[in-house]
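For reference, the chain that follows is the form predicted on its own, supplied as structure tokens.
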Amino acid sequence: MERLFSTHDIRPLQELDGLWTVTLDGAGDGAGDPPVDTLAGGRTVRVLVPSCVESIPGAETFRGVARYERTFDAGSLEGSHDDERYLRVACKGVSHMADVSVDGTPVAHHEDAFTAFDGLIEHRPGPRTITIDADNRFSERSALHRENDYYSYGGVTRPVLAELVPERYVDWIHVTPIRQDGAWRARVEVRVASCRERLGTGEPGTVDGIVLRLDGRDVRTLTAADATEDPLVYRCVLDVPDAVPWTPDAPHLTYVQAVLVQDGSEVDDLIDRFGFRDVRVEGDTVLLNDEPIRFVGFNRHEDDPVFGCALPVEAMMRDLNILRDLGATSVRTSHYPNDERFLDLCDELGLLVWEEAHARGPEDEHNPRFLGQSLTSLTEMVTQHFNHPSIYTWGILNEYESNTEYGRSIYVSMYERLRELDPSRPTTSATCNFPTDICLDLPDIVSVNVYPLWYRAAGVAEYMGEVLDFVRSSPGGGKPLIVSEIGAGAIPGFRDTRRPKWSEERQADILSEQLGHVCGLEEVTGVYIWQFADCRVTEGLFRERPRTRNNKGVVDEYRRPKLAYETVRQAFDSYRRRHAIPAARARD
């Protein structure tokens, strides 16, 4: 399942989920590409796609290159306009570096696990063989993937599609809702790409225009007068007097379709969803549709002991039902862009999302590839997830070097790119650098990671007092403030009336004291507990983690509640009642 809805009425496509052959090269974690002959001579098994290599028995700690291969009948993609067609292979996520070929011809290279990418080749009917080399080794080639406090899985971890596109095709649609004087408008941008231009085989073809449809109704035909070249983007602003707003308690979604017309015929299309809502910052308040919002929620990793990071949509929904039962009204996608289907579910359920570009913590060494790969990941995240109304803020660079001049230069570049891509949403980045942070002037929302009573013995009131004093006296003073991480760890099943560290009793005690204080601070707009569920970590630098897991989950890796579950639910219920936040509990 690519999305929770159909993304095309006209473009032929085939989802390539299902059985693939994978050959494992366990050559190790070297920095260079492995020779092809070592791949061919490795262990070969059949696997389902999407999935993680680590789900294969005997490959639980695999670090190397996995070669995925599948043959399918491209004739099944034949459409009604076949003068000049191209096969487009779209990969929604390959971890963590990928090389894709069709019938032995390279079509795509990609360097991040958590964003989608595609490749093109001329179409011909009959069998076509797709090969994906998924490389999850750590090396200087991949600046964003390294030993970390979460696990870098390997494999084709999100869906793969084969599509048939004309020479000119619809690449993306972006819709920015505009609320003015109580009425709604929509700024629409449609990017049209050229296969010839991408492949370097000739001049792009011509386009008659773009027909725009909202919820199946024609609303505007865009012509050359509405377009700018290089790249070809059509733009307009629509008045939508009958717009139904999207809110967390009434998450109404609107469908937009862009239909490409060429020589009088409709030859391609793209469908997406958005919500009529706007988010902005005014002083120290975050406003959604001009109403102040507050929220409580969790940091969540895409991690499961059975599925790794390749969670099926049923497991995503299970997580969301547990989050709602806990009383959460928001989720942070720590520390990378999440699967589109998870975001689709949040759109439909009204759960607010802080989506984060992929990068965590200071660099051990300043990799010259870091900024470029970070900007690419950021650009892909915003371009691909622009229309999700549940995303209220974009986040970058969790706990990065915000206390150094080098780090500040990275933040400046990232924030500049982010505001170019999407000026309609506020921005943020979570910091733990107190009192040395020199970057609090850059985000729209100040976010702080704090662990009183866990990493620091100081009491919650004392510690938060120091943090707040620093923020108030810095350029971040007067901005909205989010406690982006707070929590404590517990080894599942470790119960002890002495309440020692790592016991479930101690975790519940600490969370009760933390939430009791932080949720009572009027200047705190939102609170995210670290974390939702225990997750696997890389054993190298983080070998001190018991069970090689980050054990701060309120549920364990199998989603079994710890003692802190009820503590958090009661604290969140109290917070929501105090601030009149509508409940969104699965059991309601």
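In this text, all values refer to a predicted model and were calculated from it rather than measured experimentally. All residue numbers are counted from 1 along the displayed sequence.
The same protein also exists as the form predicted in complex with alpha-D-galactopyranuronic acid; that form is not shown, yet it is the one meant from here on.
> Would residue 532 sit within 4.5 Å of alpha-D-galactopyranuronic acid in the predicted complex, counting heavy atoms only?
No, residue 532 is distant from the partner.
> With a 4.5 Å heavy atom cut-off, would you call residue 545 a contact of alpha-D-galactopyranuronic acid in the predicted complex?
Looking in the predicted complex, residue contacts with alpha-D-galactopyranuronic acid include residue 545, since a heavy atom lies within 4.5 Å.
> Taking alpha-D-galactopyranuronic acid as it sits in the predicted complex, is residue 339 near enough to touch it, meaning that at least one heavy atom pair lies within 4.5 angstroms?
Answer no; every heavy atom of residue 339 is more than 4.5 Å from alpha-D-galactopyranuronic acid in the predicted complex.
> Would residue 191 show up as a contact with alpha-D-galactopyranuronic acid in the predicted complex if we use heavy atoms at 4.5 Å?
No - in the predicted complex, heavy atoms of residue 191 and alpha-D-galactopyranuronic acid never come within 4.5 Å of each other.
> Tell me the stretch among 89-97, 290-298, 448-456, 343-351 that has any heavy atom within 4.5 angstroms of alpha-D-galactopyranuronic acid in the predicted complex.
Every other range fails; the passing one is 448-456.
> Have a look at 149, 504, 380, 208 for me and say which one sits with a heavy atom within 4.5 Å of alpha-D-galactopyranuronic acid in the predicted complex.
That would be 149.
> Heavy atom within 4.5 Å of alpha-D-galactopyranuronic acid in the predicted complex: which of 268, 485, 112, 355 fits that? Just give me the one.
That would be 485.
> Going through 395-420, which residues have a heavy atom within 4.5 Å of alpha-D-galactopyranuronic acid in the predicted complex? Please give them in sequence order.
Contacts from 395-420: 398, 399.
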